[in-house]
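Here you get one chain, nothing else, as structure tokens; it is the form predicted on its own.
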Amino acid sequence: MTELRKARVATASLAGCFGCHMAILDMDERLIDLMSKVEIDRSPLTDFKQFTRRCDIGIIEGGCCNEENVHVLQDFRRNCDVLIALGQCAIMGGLPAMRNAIMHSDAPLRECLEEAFITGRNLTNATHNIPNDPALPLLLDEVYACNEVVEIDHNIPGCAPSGDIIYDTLIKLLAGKFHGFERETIRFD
């Protein structure tokens, strides 16, 4: 008897709060059923930081606020057959994109960083320096939704989407039966 190959899934968290990964864990006991169908590759859930081989599904949480986020997202697009934007930060930039309004006003990035690290109220920064270490990724001019950087195949909306919606979407996707959401499926009341 030949055992079916498990689908390979990778996940990443970019500029967001990690709430969508917590929602993945909210599948509770259904995770056991899902793990019988998938094998997790690169993911904070496994602590694998590099792809071990091509993946069937990539799941991205968060938008892109720095150059490292862009590189990770591009790497996922190159290494995943299907790429899913999970949650509002990945789909629209979410809360991190609130800085876009500030950056498009009269205050350039330098002024914002000075207020955040030097002149802001209740700050203690004896060096009066803005962190500038080569290990820190460079900030982008604004926060970008994932689809502004690479092609995204599916969006799962919510902040965070429920474990139910994530599970149902993945099961239908694995069975080749996911064609988008019914209008009544995505509700936030």
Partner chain sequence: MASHPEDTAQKSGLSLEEKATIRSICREVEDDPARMMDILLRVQDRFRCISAPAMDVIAEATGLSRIAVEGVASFYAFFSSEPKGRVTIRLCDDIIDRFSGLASVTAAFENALSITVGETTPDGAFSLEYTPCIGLCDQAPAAMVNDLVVTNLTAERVHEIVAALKAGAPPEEVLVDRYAERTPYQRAKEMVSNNIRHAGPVLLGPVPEDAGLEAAVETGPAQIIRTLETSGLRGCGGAGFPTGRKWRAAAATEADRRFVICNADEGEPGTFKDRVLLTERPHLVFEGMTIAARAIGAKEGIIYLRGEYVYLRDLLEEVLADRRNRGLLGPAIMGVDGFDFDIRLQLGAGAYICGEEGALISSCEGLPGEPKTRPPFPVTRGYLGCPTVVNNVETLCHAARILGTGAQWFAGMGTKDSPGTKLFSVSGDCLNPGIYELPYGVSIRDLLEMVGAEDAAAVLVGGPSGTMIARDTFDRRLAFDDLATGGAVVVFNGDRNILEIVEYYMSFFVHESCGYCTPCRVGNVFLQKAIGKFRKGLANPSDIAYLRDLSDTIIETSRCGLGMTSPNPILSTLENFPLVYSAVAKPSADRTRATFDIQSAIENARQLAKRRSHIYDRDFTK
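Positions refer to the first chain, counted from 1. Throughout, rigid core stands for the largest set of C-alpha atoms superposing within 1.5 Å between the two forms. This is a predicted model, so every value here is computed, not measured.
The same protein also has a form predicted in complex with the partner chain, omitted here; what follows describes it.
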Inset, instruction - Just one of 144 to 152, 119 to 127, 55 to 63, 33 to 41 has residues with a heavy atom within 4.5 Å of the partner chain in the predicted complex, so point it out. - result: 144 to 152
Legend entry - Touches the partner chain in the predicted complex: Cys159 (any heavy atom, 4.5 Å): no
Inset, instruction - State yes or no: in the predicted complex, is some non-hydrogen atom of Met27 no more than 4.5 angstroms from a non-hydrogen atom of the partner chain? - result: no
Legend entry - Contact flag, Leu113 vs the partner chain in the predicted complex, heavy atom cut 4.5 Å: yes
Legend entry - Residue contact check: Asn132 to the partner chain in the predicted complex, 4.5 Å heavy atom: yes
Legend entry - Interface residues of 63 to 100 toward the partner chain, as seen in the predicted complex [heavy atoms, 4.5 Å]: Glu67, Glu68, Val70, His71, Gln74, Arg77, Arg78, Asp81
Inset, instruction - Using a rigid core alignment, state whether the CA of Asp81 is displaced by 2 Å or more between the shown form and the other one. - result: no
